[in-house]
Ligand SMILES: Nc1nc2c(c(=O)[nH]1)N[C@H]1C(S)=C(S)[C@@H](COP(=O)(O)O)O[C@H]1N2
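Here's a solo chain for you in structure tokens, the form predicted alone.
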């Protein structure tokens, strides 16, 4: 076996070891996200610190409303849908978090996706919702073929760019 082959085998073994360690470290994180998703838990955070958790019943009690939003994806034409949810800013107010002087809200999903919403969009009337029903039916989890249990929807977002399916948490920055 020549020197280059030994080096290549060593590099491959190191990469396999690093991958195995990363998988083991992420295992608990994946399990936690799945549990939150399965139990319809949504976490409210303030600059990275967990302030409150809400289940579906608690979120609904904050003030559910019906709203219309246009879903426009890269493989479909724009289509209006009726959703039911709660204004995300009302959830933060309910948790006792001050919204003044903030820069953005970061919403994170079970699949690792995150989206930052600037405060002007977040504070706009009837705009940023945490939805749990679409056309009168629960959005459902990924395992159920849905996009939830929660989906963050920016109703005035013309191209659905700031939407976040499988939403698990929102962090006010």
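Residue numbers count along the first chain shown, from 1. Computed from a prediction, not measured in an experiment: that's the story for all the values here.
Just so you know, the form predicted in complex with the ligand exists too; it's not on screen, but the next bit is about it.
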Checklist entry - Looking at 41 to 49, 123 to 131, 55 to 63, 105 to 113, which one sits within 4.5 Å of the ligand in the model of the complex if you count heavy atoms only? => result 105 to 113
Next on the checklist: Given that the ligand is not shown alongside this chain, does residue 154 nevertheless sit within 4.5 Å of it in the model of the complex, heavy atom to heavy atom?
Outcome noted: no
Next on the checklist: Quick check on residue 19: any heavy atom within 4.5 Å of the ligand in the model of the complex?
Outcome noted: no
Checklist entry - Looking in the model of the complex, any heavy atom of residue 95 within 4.5 Å of the ligand? => result no
Checklist entry - Do residue 10 and the ligand come within 4.5 Å of each other in the model of the complex, heavy atoms counted? => result no
Checklist outcome for this item: Across 148 to 173, the residues having a non-hydrogen atom within 4.5 Å of the ligand in the model of the complex turn out to be 160, 161, 163, 164, 165, 166
